[in-house]
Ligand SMILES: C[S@@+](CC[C@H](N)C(=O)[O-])C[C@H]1O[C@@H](n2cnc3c(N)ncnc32)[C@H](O)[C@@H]1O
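Listed next as structure tokens is one chain, alone, in the form predicted on its own.
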């Protein structure tokens, strides 16, 4: 059984895991993580998933808390030791929050017990701890725990305590580099976070080796970059802005050099309403964040919001009529639409009724938002 430590956007992370694994029969979806059975390796899963922080395997189970029995199990999990050992312990809740809190207090004692046993066998040992409740991917990576000993997890359920070992963690450096290190960034026009772009592509459920993917509002090319990294070979991007297309090209070339990839991308300067003049064959997948309108700073007058919503709604109707016809029957579109947080409450720029009137079928709708943002996103998974 695998455990998945989820990112900040829980519902979206779970939907991504289901799309990638094809498994929706969860052993547990409570608390901090998800438990399910899959034959996919932890390394493969972590490489594919953007909304998951850690992946590992459950190795053992305790009916009740027994520090010495748990220490026995973890030492056995380490196998034959020949060099210096560095390890850490994290406790996660999967259904019993009270006992989870108690075990977090016991985890230090457990770590010291394991450290003592290992030192008695003649090995130099270091117990890695953190001020946070659990060890982060940064702590695990910078201390090279997966290579030198391991991170061991206690997963507290209503009925037992599962003992597992982390096998892969999110590559925070690579994600940060693609977000902040790419040569062409335009924060003024808004940028789709790379992790969200990857999650949206995964939600489409397409085979990258056979599918054609289109981003009709490509901006600086975040979706196109993630698609290339995922193995897509037929990638199309378009935008009404010549600068955006130039930025996409520059970022694509940078990515190809950085990751030693060979993938081509076809780019068009075009409004989405007339994109069918350039893209003449239907595509398998559309993944995009729509134009969000002018930037908001909070406190805008309701009349401004109303005018903005009217403009965007009309734009979306025109654009998605064209995009519906560009999508193959049976194809999938995953689209981020804006939701404005205003003085008069939430305001959607594109509701379920309107997108269904165009012809799309709404398979899923998931909210993505960050604390303090004036514009949230509704991620819609649309079928044709």
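Numbering follows the first chain given and starts at 1. Computed from a predicted structure; not experimentally measured.
Although not depicted, the form predicted together with the named molecule is the subject of the following passage.
Enquirer: Which of 278-286, 170-178, 235-243, 254-262 has heavy atoms within 4.5 Å of the named molecule in the predicted complex?
Expert: This holds for exactly one stretch, 235-243.
Enquirer: Of the residues 45, 29, 59, 315, which one places a heavy atom within 4.5 Å of the named molecule in the predicted complex?
Expert: It is 315 that has a heavy atom within 4.5 Å of the partner.
Enquirer: Counting any non-hydrogen atom inside 4.5 Å, which residue from 273, 308, 136, 249 sits next to the named molecule in the predicted complex?
Expert: The residue from 273, 308, 136, 249 that makes the contact is 273.
Enquirer: Whether 217, 220 and 292 jointly form a contact site for the named molecule in the predicted complex is the question; each needs a heavy atom within 4.5 Å.
Expert: Spot residues vs the named molecule: full contact, yes.
Enquirer: Is residue 192 near the named molecule? Define near as a heavy atom within 4.5 Å, in the predicted complex.
Expert: Contact check for residue 192: yes, within 4.5 Å of the named molecule in the predicted complex.
Enquirer: Would residue 49 count as a contact of the named molecule in the predicted complex, using a 4.5 angstroms cut-off between non-hydrogen atoms?
Expert: Taking the distances in the predicted complex, the answer for residue 49 is no, it never comes within 4.5 Å of the named molecule.
Enquirer: How about residue 35 - does it come within 4.5 Å of the named molecule in the predicted complex, if we only consider non-hydrogen atoms?
Expert: No - in the predicted complex, heavy atoms of residue 35 and the named molecule never come within 4.5 Å of each other.
Enquirer: Residue 319: heavy atom within 4.5 Å of the named molecule in the predicted complex?
Expert: Answer yes; at least one heavy atom of residue 319 falls within 4.5 Å of the named molecule in the predicted complex.
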